[in-house]
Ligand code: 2IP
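Quick heads-up: it's one chain on its own, the form predicted alone, in C-alpha coordinates.
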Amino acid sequence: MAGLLQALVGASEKAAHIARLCRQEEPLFQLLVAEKTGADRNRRFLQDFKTLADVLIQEVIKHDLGKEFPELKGHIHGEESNEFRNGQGEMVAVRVCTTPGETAALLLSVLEPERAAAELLAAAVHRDVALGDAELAGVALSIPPQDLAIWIDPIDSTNEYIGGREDVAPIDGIAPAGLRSALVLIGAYDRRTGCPVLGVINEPFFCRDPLTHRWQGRYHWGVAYGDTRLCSLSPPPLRPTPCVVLSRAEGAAVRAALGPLCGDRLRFAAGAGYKMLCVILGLADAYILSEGSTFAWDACAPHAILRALGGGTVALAAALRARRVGDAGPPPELVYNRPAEEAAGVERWANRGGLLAYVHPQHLEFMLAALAAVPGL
(Lines give C-alpha, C1' and ligand atoms only; values in the text may rest on other atoms or scores of the structure.)
Protein backbone atom coordinates (compact mmCIF):
# COMPACT_ATOMS: atom_id res chain seq x y z
CA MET A 1 0.00 0.00 0.00
CA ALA A 2 2.83 2.42 0.78
CA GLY A 3 4.21 1.74 -2.70
CA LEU A 4 0.79 2.39 -4.21
CA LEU A 5 0.44 5.65 -2.30
CA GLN A 6 3.81 6.81 -3.61
CA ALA A 7 2.81 5.74 -7.12
CA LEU A 8 -0.42 7.75 -6.95
CA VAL A 9 1.47 10.83 -5.79
CA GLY A 10 4.06 10.33 -8.52
CA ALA A 11 1.34 9.97 -11.14
CA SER A 12 -0.30 13.16 -9.89
CA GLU A 13 3.00 15.02 -10.16
CA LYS A 14 3.50 13.89 -13.76
CA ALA A 15 -0.09 14.90 -14.53
CA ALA A 16 0.43 18.32 -12.95
CA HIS A 17 3.59 18.79 -15.02
CA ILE A 18 1.64 18.10 -18.23
CA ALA A 19 -1.10 20.51 -17.16
CA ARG A 20 1.48 23.25 -16.53
CA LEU A 21 3.35 22.43 -19.74
CA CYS A 22 0.24 23.16 -21.79
CA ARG A 23 0.21 26.68 -20.36
CA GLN A 24 3.98 27.34 -20.35
CA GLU A 25 5.23 26.10 -23.72
CA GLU A 26 4.21 28.27 -26.67
CA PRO A 27 3.21 25.50 -29.14
CA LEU A 28 0.84 24.03 -26.56
CA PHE A 29 -0.35 27.33 -25.14
CA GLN A 30 -1.45 28.48 -28.60
CA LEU A 31 -3.74 25.46 -28.79
CA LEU A 32 -5.27 26.42 -25.45
CA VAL A 33 -5.73 30.00 -26.66
CA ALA A 34 -7.47 28.71 -29.76
CA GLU A 35 -9.78 26.62 -27.59
CA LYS A 36 -10.56 29.59 -25.39
CA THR A 37 -11.15 32.19 -28.09
CA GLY A 38 -12.73 30.03 -30.76
CA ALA A 39 -10.09 30.90 -33.36
CA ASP A 40 -9.10 28.46 -36.11
CA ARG A 41 -12.27 26.41 -35.85
CA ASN A 42 -11.50 24.94 -39.25
CA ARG A 43 -8.84 22.78 -37.63
CA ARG A 44 -10.83 20.04 -35.92
CA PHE A 45 -8.35 19.11 -33.19
CA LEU A 46 -8.27 22.66 -31.80
CA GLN A 47 -11.88 22.26 -30.74
CA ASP A 48 -10.86 19.27 -28.62
CA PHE A 49 -7.46 20.22 -27.31
CA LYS A 50 -8.77 20.68 -23.78
CA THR A 51 -10.21 17.18 -23.98
CA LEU A 52 -6.94 15.84 -25.38
CA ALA A 53 -5.07 17.32 -22.40
CA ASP A 54 -7.57 15.63 -20.06
CA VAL A 55 -7.38 12.32 -21.90
CA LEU A 56 -3.60 12.28 -22.15
CA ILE A 57 -3.25 12.87 -18.40
CA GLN A 58 -5.82 10.17 -17.72
CA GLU A 59 -4.07 7.66 -19.98
CA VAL A 60 -0.66 8.46 -18.46
CA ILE A 61 -1.99 7.77 -14.96
CA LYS A 62 -3.64 4.54 -16.13
CA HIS A 63 -0.46 3.43 -17.88
CA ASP A 64 1.93 4.22 -15.03
CA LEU A 65 -0.24 2.68 -12.30
CA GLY A 66 -1.14 -0.38 -14.39
CA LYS A 67 2.51 -1.00 -15.23
CA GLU A 68 3.60 -0.88 -11.58
CA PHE A 69 0.51 -2.65 -10.21
CA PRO A 70 -0.87 -5.13 -12.76
CA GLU A 71 -3.57 -6.08 -10.22
CA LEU A 72 -5.22 -2.72 -10.91
CA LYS A 73 -5.54 -3.15 -14.68
CA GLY A 74 -9.19 -2.98 -15.67
CA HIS A 75 -10.00 -1.22 -12.41
CA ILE A 76 -8.61 2.26 -13.15
CA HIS A 77 -11.47 4.48 -14.25
CA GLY A 78 -11.61 8.02 -15.58
CA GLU A 79 -14.02 10.61 -16.88
CA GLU A 80 -12.90 10.69 -20.50
CA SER A 81 -13.06 8.43 -23.55
CA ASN A 82 -9.63 8.10 -25.17
CA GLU A 83 -10.83 8.13 -28.79
CA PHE A 84 -10.53 11.09 -31.16
CA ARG A 85 -11.44 11.53 -34.82
CA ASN A 86 -8.63 13.37 -36.57
CA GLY A 87 -8.72 15.74 -39.53
CA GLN A 88 -8.71 12.83 -41.98
CA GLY A 89 -11.77 11.30 -40.35
CA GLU A 90 -9.77 8.47 -38.75
CA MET A 91 -10.49 7.33 -35.20
CA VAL A 92 -7.36 7.49 -33.02
CA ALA A 93 -7.13 5.88 -29.58
CA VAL A 94 -4.80 7.97 -27.40
CA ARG A 95 -2.44 5.83 -25.33
CA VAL A 96 1.10 5.71 -23.97
CA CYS A 97 3.41 3.90 -26.38
CA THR A 98 6.70 2.14 -25.70
CA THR A 99 8.97 5.06 -26.64
CA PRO A 100 8.64 8.85 -26.71
CA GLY A 101 8.99 8.78 -30.48
CA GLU A 102 6.09 6.36 -30.88
CA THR A 103 3.92 8.38 -28.51
CA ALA A 104 4.80 11.58 -30.40
CA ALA A 105 3.83 9.94 -33.69
CA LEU A 106 0.49 8.84 -32.29
CA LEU A 107 -0.23 12.30 -30.88
CA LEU A 108 0.78 13.90 -34.19
CA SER A 109 -1.89 11.81 -35.92
CA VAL A 110 -4.39 13.81 -33.82
CA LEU A 111 -2.54 17.14 -33.72
CA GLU A 112 -1.26 17.28 -37.34
CA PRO A 113 0.50 19.52 -38.33
CA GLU A 114 1.61 20.58 -34.83
CA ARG A 115 4.74 18.40 -34.53
CA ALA A 116 6.39 20.52 -31.81
CA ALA A 117 3.29 20.21 -29.61
CA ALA A 118 3.17 16.43 -30.09
CA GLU A 119 6.86 16.07 -29.19
CA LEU A 120 6.57 18.25 -26.08
CA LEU A 121 3.64 16.20 -24.82
CA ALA A 122 5.36 12.88 -25.57
CA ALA A 123 8.49 13.94 -23.68
CA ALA A 124 6.35 14.85 -20.65
CA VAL A 125 4.51 11.53 -20.83
CA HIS A 126 7.76 9.54 -20.66
CA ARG A 127 9.66 11.65 -18.09
CA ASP A 128 10.61 10.07 -14.78
CA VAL A 129 9.28 11.65 -11.60
CA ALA A 130 11.45 11.83 -8.46
CA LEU A 131 9.43 12.80 -5.41
CA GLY A 132 12.08 13.35 -2.73
CA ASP A 133 9.38 13.33 -0.04
CA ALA A 134 10.81 11.83 3.15
CA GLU A 135 7.47 11.81 4.96
CA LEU A 136 5.77 9.96 2.12
CA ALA A 137 8.68 7.52 1.77
CA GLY A 138 8.32 6.66 5.47
CA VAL A 139 4.65 5.62 5.24
CA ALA A 140 4.24 1.90 5.96
CA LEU A 141 0.85 0.36 5.17
CA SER A 142 -0.54 -3.01 4.21
CA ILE A 143 -3.51 -3.41 1.88
CA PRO A 144 -3.63 -5.61 -1.23
CA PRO A 145 -3.89 -3.52 -4.41
CA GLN A 146 -6.17 -6.20 -5.86
CA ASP A 147 -8.82 -5.09 -3.35
CA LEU A 148 -8.84 -1.55 -4.74
CA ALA A 149 -10.02 0.39 -7.77
CA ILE A 150 -9.15 3.92 -8.89
CA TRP A 151 -11.09 7.00 -9.97
CA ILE A 152 -9.19 9.70 -11.89
CA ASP A 153 -10.25 13.26 -12.61
CA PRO A 154 -7.35 14.35 -14.83
CA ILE A 155 -8.14 18.08 -14.72
CA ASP A 156 -10.97 18.97 -12.39
CA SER A 157 -12.51 22.37 -13.23
CA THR A 158 -11.46 22.14 -16.89
CA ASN A 159 -13.24 25.36 -17.88
CA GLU A 160 -11.24 27.33 -15.31
CA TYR A 161 -8.07 25.64 -16.60
CA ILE A 162 -8.82 26.69 -20.17
CA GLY A 163 -9.91 30.18 -19.14
CA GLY A 164 -6.61 30.50 -17.29
CA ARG A 165 -7.52 33.51 -15.13
CA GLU A 166 -4.65 34.39 -12.81
CA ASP A 167 -6.03 37.62 -11.35
CA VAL A 168 -8.87 36.22 -9.21
CA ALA A 169 -8.44 37.60 -5.69
CA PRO A 170 -9.08 35.06 -2.90
CA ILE A 171 -11.71 35.78 -0.27
CA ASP A 172 -10.54 34.45 3.11
CA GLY A 173 -8.14 32.21 1.22
CA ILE A 174 -10.79 30.80 -1.17
CA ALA A 175 -10.36 31.60 -4.87
CA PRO A 176 -13.86 32.15 -6.33
CA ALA A 177 -12.64 31.06 -9.79
CA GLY A 178 -9.53 30.93 -11.95
CA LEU A 179 -6.56 28.70 -12.55
CA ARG A 180 -6.00 27.94 -8.86
CA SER A 181 -9.14 25.78 -8.84
CA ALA A 182 -7.85 23.39 -11.55
CA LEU A 183 -6.74 20.19 -9.79
CA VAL A 184 -5.61 16.62 -10.48
CA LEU A 185 -7.61 14.10 -8.42
CA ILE A 186 -6.72 10.42 -7.94
CA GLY A 187 -8.73 8.36 -5.47
CA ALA A 188 -8.66 4.66 -4.55
CA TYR A 189 -11.69 2.86 -3.18
CA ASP A 190 -12.47 -0.62 -1.87
CA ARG A 191 -13.91 -2.65 -4.75
CA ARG A 192 -16.27 -4.55 -2.45
CA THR A 193 -17.65 -1.76 -0.24
CA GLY A 194 -17.08 1.27 -2.49
CA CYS A 195 -15.57 3.14 0.47
CA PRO A 196 -12.78 5.61 -0.42
CA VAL A 197 -9.54 4.61 1.27
CA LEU A 198 -6.79 6.67 -0.34
CA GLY A 199 -6.75 10.06 -2.00
CA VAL A 200 -4.28 12.39 -3.70
CA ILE A 201 -5.06 15.98 -4.67
CA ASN A 202 -2.50 17.87 -6.74
CA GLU A 203 -2.65 21.65 -7.18
CA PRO A 204 -0.63 22.30 -10.37
CA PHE A 205 -1.13 26.07 -10.10
CA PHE A 206 -0.62 26.72 -6.41
CA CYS A 207 1.79 29.65 -6.75
CA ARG A 208 4.26 31.30 -9.09
CA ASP A 209 8.02 31.12 -8.66
CA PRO A 210 9.13 34.71 -7.92
CA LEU A 211 12.24 34.35 -10.10
CA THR A 212 11.05 32.35 -13.11
CA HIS A 213 7.35 33.38 -12.87
CA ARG A 214 6.45 29.80 -13.67
CA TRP A 215 3.74 27.98 -11.81
CA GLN A 216 4.63 25.66 -8.95
CA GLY A 217 2.36 23.01 -7.49
CA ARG A 218 1.86 21.06 -4.31
CA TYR A 219 0.03 17.88 -3.34
CA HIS A 220 -1.90 16.45 -0.41
CA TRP A 221 -2.68 12.84 0.43
CA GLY A 222 -4.70 10.88 2.93
CA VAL A 223 -5.31 7.25 3.89
CA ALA A 224 -8.41 5.96 5.70
CA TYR A 225 -8.36 2.17 5.85
CA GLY A 226 -9.65 0.13 8.77
CA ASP A 227 -8.37 1.87 11.90
CA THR A 228 -5.57 3.63 10.00
CA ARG A 229 -5.84 7.39 9.54
CA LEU A 230 -2.83 9.08 7.96
CA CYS A 231 -2.65 12.40 6.18
CA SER A 232 -0.10 14.89 4.90
CA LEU A 233 -2.20 17.56 6.67
CA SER A 234 -3.44 18.08 10.22
CA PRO A 235 -7.17 18.46 10.98
CA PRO A 236 -8.21 22.12 10.93
CA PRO A 237 -9.47 23.65 14.19
CA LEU A 238 -13.16 23.64 15.07
CA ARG A 239 -14.65 27.10 14.60
CA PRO A 240 -17.79 28.14 16.48
CA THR A 241 -19.36 29.72 13.40
CA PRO A 242 -18.92 27.51 10.34
CA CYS A 243 -17.93 28.78 6.92
CA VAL A 244 -19.66 26.97 4.04
CA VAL A 245 -18.49 26.99 0.42
CA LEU A 246 -21.12 26.64 -2.31
CA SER A 247 -21.52 26.65 -6.06
CA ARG A 248 -22.78 29.95 -7.45
CA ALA A 249 -25.64 27.96 -8.94
CA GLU A 250 -26.82 26.81 -5.51
CA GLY A 251 -30.47 27.59 -4.85
CA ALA A 252 -31.77 30.47 -2.75
CA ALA A 253 -33.55 28.09 -0.34
CA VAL A 254 -30.29 26.40 0.65
CA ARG A 255 -28.53 29.75 1.06
CA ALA A 256 -31.36 31.04 3.23
CA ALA A 257 -31.36 27.91 5.41
CA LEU A 258 -27.65 28.27 6.07
CA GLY A 259 -27.84 31.98 6.86
CA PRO A 260 -28.76 31.68 10.58
CA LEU A 261 -26.01 29.11 11.06
CA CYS A 262 -23.22 30.78 9.07
CA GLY A 263 -24.11 34.47 9.08
CA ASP A 264 -21.98 36.17 6.43
CA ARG A 265 -19.63 33.18 6.13
CA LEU A 266 -20.98 31.76 2.87
CA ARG A 267 -18.33 31.57 0.17
CA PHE A 268 -18.49 30.60 -3.51
CA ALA A 269 -15.99 28.83 -5.75
CA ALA A 270 -15.64 26.85 -8.97
CA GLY A 271 -14.88 23.15 -9.18
CA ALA A 272 -16.22 20.39 -6.92
CA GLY A 273 -12.73 19.12 -6.16
CA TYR A 274 -11.52 22.59 -5.27
CA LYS A 275 -14.45 23.23 -2.93
CA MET A 276 -13.75 19.93 -1.16
CA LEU A 277 -10.08 20.93 -0.95
CA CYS A 278 -11.14 24.16 0.77
CA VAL A 279 -12.76 22.02 3.48
CA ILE A 280 -9.66 19.80 3.75
CA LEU A 281 -7.43 22.87 4.19
CA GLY A 282 -9.74 24.44 6.78
CA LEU A 283 -10.59 27.42 4.55
CA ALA A 284 -14.23 26.28 4.83
CA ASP A 285 -15.92 23.94 7.28
CA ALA A 286 -18.27 22.34 4.76
CA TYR A 287 -19.13 22.14 1.08
CA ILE A 288 -22.80 21.66 0.29
CA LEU A 289 -24.29 20.85 -3.10
CA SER A 290 -28.01 20.11 -3.36
CA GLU A 291 -27.92 18.98 -7.01
CA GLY A 292 -26.60 15.73 -8.49
CA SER A 293 -24.08 17.54 -10.69
CA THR A 294 -20.88 15.96 -9.36
CA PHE A 295 -19.52 12.53 -10.22
CA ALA A 296 -17.52 9.70 -8.67
CA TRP A 297 -14.26 11.02 -10.13
CA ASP A 298 -14.83 14.46 -8.58
CA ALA A 299 -15.35 13.25 -5.05
CA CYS A 300 -13.41 10.01 -4.49
CA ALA A 301 -9.95 11.46 -3.80
CA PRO A 302 -11.00 14.38 -1.56
CA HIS A 303 -13.49 12.13 0.24
CA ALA A 304 -10.66 9.77 1.22
CA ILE A 305 -8.60 12.68 2.58
CA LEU A 306 -11.58 14.02 4.53
CA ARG A 307 -12.04 10.58 6.11
CA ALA A 308 -8.35 10.58 7.04
CA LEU A 309 -8.91 13.88 8.86
CA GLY A 310 -11.95 12.58 10.77
CA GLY A 311 -14.64 13.92 8.45
CA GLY A 312 -16.43 12.58 5.40
CA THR A 313 -18.80 13.23 2.50
CA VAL A 314 -22.44 12.28 2.99
CA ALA A 315 -25.09 11.62 0.38
CA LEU A 316 -27.16 14.70 1.13
CA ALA A 317 -30.67 13.63 0.06
CA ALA A 318 -30.38 10.26 1.81
CA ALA A 319 -28.98 11.88 4.95
CA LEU A 320 -31.86 14.36 5.09
CA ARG A 321 -34.43 11.59 4.64
CA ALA A 322 -32.89 9.74 7.56
CA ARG A 323 -32.95 12.80 9.81
CA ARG A 324 -36.57 13.58 8.95
CA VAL A 325 -37.71 10.15 10.15
CA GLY A 326 -35.74 10.47 13.38
CA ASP A 327 -32.73 8.34 12.48
CA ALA A 328 -29.88 9.79 14.56
CA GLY A 329 -27.26 7.30 13.37
CA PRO A 330 -24.30 8.07 11.12
CA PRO A 331 -25.64 9.49 7.83
CA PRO A 332 -24.91 7.54 4.63
CA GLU A 333 -21.63 8.40 2.92
CA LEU A 334 -21.00 8.44 -0.82
CA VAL A 335 -19.68 5.19 -2.27
CA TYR A 336 -17.87 4.69 -5.56
CA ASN A 337 -18.66 1.18 -6.80
CA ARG A 338 -22.40 1.45 -7.51
CA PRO A 339 -23.46 2.90 -10.87
CA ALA A 340 -27.07 4.01 -11.22
CA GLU A 341 -28.55 1.16 -13.24
CA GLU A 342 -31.36 3.19 -14.80
CA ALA A 343 -28.98 5.92 -16.04
CA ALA A 344 -26.81 6.01 -19.16
CA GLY A 345 -23.32 7.28 -19.93
CA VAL A 346 -21.59 9.45 -17.38
CA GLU A 347 -24.85 9.90 -15.47
CA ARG A 348 -24.41 6.35 -14.18
CA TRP A 349 -21.70 7.76 -11.90
CA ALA A 350 -23.41 10.99 -10.79
CA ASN A 351 -23.62 11.68 -7.06
CA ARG A 352 -27.39 11.90 -7.18
CA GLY A 353 -29.09 13.79 -4.42
CA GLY A 354 -26.14 16.08 -3.79
CA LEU A 355 -23.47 15.91 -1.13
CA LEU A 356 -22.20 17.49 2.06
CA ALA A 357 -18.44 17.37 2.69
CA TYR A 358 -17.22 18.15 6.21
CA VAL A 359 -14.35 17.69 8.65
CA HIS A 360 -16.01 18.12 12.06
CA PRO A 361 -19.10 15.98 12.91
CA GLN A 362 -20.51 18.82 15.03
CA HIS A 363 -20.81 21.03 11.97
CA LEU A 364 -22.34 18.18 9.98
CA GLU A 365 -25.18 17.76 12.47
CA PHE A 366 -25.91 21.49 12.65
CA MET A 367 -26.09 21.76 8.87
CA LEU A 368 -28.22 18.66 8.40
CA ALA A 369 -30.67 20.05 10.95
CA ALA A 370 -30.84 23.37 9.09
CA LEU A 371 -31.24 21.77 5.67
CA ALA A 372 -33.86 19.28 6.81
CA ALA A 373 -36.30 22.20 7.00
CA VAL A 374 -35.84 23.06 3.30
CA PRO A 375 -38.79 21.75 1.23
CA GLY A 376 -37.82 19.58 -1.71
CA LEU A 377 -34.33 18.66 -0.51
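Just so you know, these numbers come straight off a predicted model, no measurement behind them. Don't overthink the numbering: it's just position in the shown sequence, from 1.
What comes next is about the form predicted in complex with D-MYO-inositol-1,4-bisphosphate, which is not displayed.
So, in the predicted complex, is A270 in contact with D-MYO-inositol-1,4-bisphosphate at a 4.5 angstroms heavy atom limit?
Yes - in the predicted complex, heavy atoms of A270 and D-MYO-inositol-1,4-bisphosphate come within 4.5 Å of each other.
Taking any heavy atom pair closer than or equal to 4.5 Å as contact, tell me whether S293 reaches D-MYO-inositol-1,4-bisphosphate in the predicted complex.
Contact check for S293: yes, within 4.5 Å of D-MYO-inositol-1,4-bisphosphate in the predicted complex.
Partner proximity in the predicted complex: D285 to D-MYO-inositol-1,4-bisphosphate, non-hydrogen atom cutoff 4.5 Å:
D285: no, not in contact with D-MYO-inositol-1,4-bisphosphate in the predicted complex.
May I ask you to check whether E114 falls inside a 4.5 Å heavy atom distance of D-MYO-inositol-1,4-bisphosphate in the predicted complex?
Residue-level check for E114: no, no contact with D-MYO-inositol-1,4-bisphosphate.
Among 260 to 268, 229 to 237, 123 to 131, 155 to 163, which stretch has residues with heavy atoms no more than 4.5 Å from D-MYO-inositol-1,4-bisphosphate in the predicted complex?
Looking at the other structure, the answer is 155 to 163.
Would you give me the residues of 235 to 257 that have any heavy atom within 4.5 Å of D-MYO-inositol-1,4-bisphosphate in the predicted complex, in order from first to last?
Going through 235 to 257 in order - heavy atoms within 4.5 Å of D-MYO-inositol-1,4-bisphosphate in the predicted complex - there is one hit, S247.
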